[in-house]
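As a starting point, one isolated chain is supplied in C-alpha cells, in the form predicted on its own.
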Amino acid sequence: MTAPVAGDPGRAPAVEAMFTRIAPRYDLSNRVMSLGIDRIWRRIAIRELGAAADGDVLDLCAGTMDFSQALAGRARSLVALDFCQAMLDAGARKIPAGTVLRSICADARSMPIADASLDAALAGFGIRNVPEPERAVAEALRVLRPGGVLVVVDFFRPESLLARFLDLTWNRTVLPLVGGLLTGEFGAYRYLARSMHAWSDRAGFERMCREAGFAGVTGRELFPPVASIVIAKKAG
C-alpha cells in the first residue's frame, strides 16, 4: 500500500486510509515503541488542564481514544473526534460503560460541534497529520468556552541538539522498523517519522495558537525530549 507523503496538502485521504490499516495494532505498536512513556506524557497533559478536566472535554484527533480513556470517570462529558472511523472503533472498546462520550468521525478543520460548548481540548500526536493545522487550532478556539484550554502533546520538528540526536536515532530508525514489524505497514511508520519534519517546530506552533486568538500560550519539551507540550488558553 502507498503511504501518504508528509507535508502534501492533499494527503488527508491517504492518511485516513493508512490509519484504517494500522488501527487494529496501533495501541500495541505505540506501547512498544514508546516503552509506555506516552502514558506519562498524557498524564502531564491532563494535569495541565486543571479544573477544566472535570468539565466537558474534547479529545481532538482522538485516534484510539487514549485521552478519553484516561478521563473517563472524571470529565463530566467527553467528545472524541477523529477522521478515521476504524481508529475510533478500536478505541471505543477501551471506554468504560456509563461514560458520557460522543464519538464523532469528522475533519478537525470543520468540527460539527457548537460554539463555546466545551471547557477543554486535548490533542495527542495528531494535529501534525491535519493539512492546514491552523484551521484545526482555530476550530478548537471556536468550540471552547471563555477561559477554556487547549493542550497539545506532539512530536514537533526537533530544535535542540539532544532532540535532533534522539530524532535521528529513534524516530527515523527505531520507530519505522518496530512499527513496521508490529503492523506490517513499514511505509506508514516511515511517513509518521517524516511528518515530524514536514510541519512546525514548537515555537512555530505556539505562534500559530496566538495568531488564532489564544492567549497565554506556553510550551516546553517533555522527557525524553522527543515530544513537547503546548498549553493555549482562551481569554475569559
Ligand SMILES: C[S@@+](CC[C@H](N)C(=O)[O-])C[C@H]1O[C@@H](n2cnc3c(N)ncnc32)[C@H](O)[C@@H]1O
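From a predicted model like this one, the values you see are computed outputs, not experimental measurements. The numbering used is simple: start at 1 and walk along the sequence shown.
The same protein also has a form predicted together with the named molecule, omitted here; what follows describes it.
In terms of contact with the named molecule in the model of the complex, the residue from G124, G91, P158, G148 that brings a heavy atom within 4.5 Å is G124. Listed residues A52, C61, A188, M196 were compared with the named molecule in the model of the complex; C61 is the one with a heavy atom within 4.5 Å.
Of the heavy atoms in F214, none are within 4.5 Å of the named molecule in the model of the complex. In the model of the complex, D82 approaches the named molecule with a heavy atom inside 4.5 Å.
Taking the partner from the other structure, the named molecule in the model of the complex has no heavy atom within 4.5 Å of any heavy atom of F205. Taking the partner from elsewhere, A106 is found to have a heavy atom lying within 4.5 Å of the named molecule in the model of the complex. You can rule out all but one of 140-148, 160-168, 124-132, 95-103: in the model of the complex, only 124-132 has residues with a heavy atom within 4.5 Å of the named molecule. With contact defined as any non-hydrogen atom lying within 4.5 angstroms of the named molecule in the model of the complex, the stretch 175-210 contains no contacting residue.
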